[in-house]
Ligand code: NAD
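Quick setup: one chain, the form predicted alone, written in structure tokens, and binding and motion questions come after.
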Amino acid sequence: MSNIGFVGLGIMGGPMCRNLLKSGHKLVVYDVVPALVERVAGYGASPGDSARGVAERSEIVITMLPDGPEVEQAVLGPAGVLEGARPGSTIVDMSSISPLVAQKVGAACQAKGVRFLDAPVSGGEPKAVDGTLAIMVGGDEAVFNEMAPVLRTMGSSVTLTGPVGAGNVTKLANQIIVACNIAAMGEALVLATRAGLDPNVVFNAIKGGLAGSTVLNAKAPMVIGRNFKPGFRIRLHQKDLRNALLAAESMKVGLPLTSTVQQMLMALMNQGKGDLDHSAIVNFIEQMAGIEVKSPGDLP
């Protein structure tokens, strides 16, 4: 079992820590929010006083933070992980960030003799809780092979996708597909409701055909049940699509569907809906149609 440091204990990091502890690893944890540190300490982790302090006590440091600026601050900034990391130790950033930022952090780690993987995840809070995240990894194959058993305590799928930065390119590809899938589902269910059909019947009719998907099975019942409790928040998905568009611009790749859905997410954030589940993309389409996705008996 390893001595692992963990920085970033929010909606994803907290349950990921719990699964590492269940697997027998020793954890030192830190977050800028003291209450989150106290919560994870209650699971059996040792609290750290800073990101640097966590690194000084660990062989492996995992970071799980909202976006690139937070990763740069936590790893490269004053009292950051890299100040406390010893040569030969490993930093695994599991945040969803720009591939360019991942490469910048990786280069800084390499200059100090610290190994680095970017390893963003997919699955949201439910899969973080049950340890079945999909983990997409970029970095050196030998480092990946050494870290894979640790990553498998948090995920059911752990895949090396290429060099540093490749993990986040893969995650952005994942987020594009998920966002566009939810938007398409929203349009379909709004159309069905406007036509007087029961959206639940339509969902059950199409889920076994070519339109069926994991996204449809997970999100259609939430929309029909008007349950937008966040598993993955709109504001975080907007951030991911923004990173996808910035990466695409740097490579001169057009992403017209991604751009459209990102604008939907921005509009919902401006309406105060940024902390709803990303299934609430349907709200944007409902507003355009002037109708909510409901069974006919529930309509006014």
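The structure presented is a predicted model; accordingly, all values stated were derived computationally and were not measured. Position 1 is the first residue in the sequence shown; the rest follow in order.
Another form exists, predicted together with nicotinamide-adenine-dinucleotide; not displayed. Remarks below refer to it.
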Contact residue in the predicted complex, from Val137, Ala74, Ile182, Met154 (heavy atom within 4.5 Å of nicotinamide-adenine-dinucleotide): Ala74
Stretch in contact, per heavy atom within 4.5 angstroms of nicotinamide-adenine-dinucleotide in the predicted complex, of 267 to 275, 229 to 237, 247 to 255, 54 to 62: 229 to 237
nicotinamide-adenine-dinucleotide contact in the predicted complex: Val32, any heavy atom under 4.5 Å: yes
4.5 Å heavy atom contact, Ala41 to nicotinamide-adenine-dinucleotide in the predicted complex: no
Contact flag, Glu146 vs nicotinamide-adenine-dinucleotide in the predicted complex, heavy atom cut 4.5 Å: no
Interface membership of Leu21, nicotinamide-adenine-dinucleotide in the predicted complex, 4.5 Å heavy atom rule: no
Residues Leu36, Val121 and Gly124 all lining nicotinamide-adenine-dinucleotide in the predicted complex, heavy atom within 4.5 Å: yes
Interface residues of 153 to 183 toward nicotinamide-adenine-dinucleotide, as seen in the predicted complex [heavy atoms, 4.5 Å]: Lys171
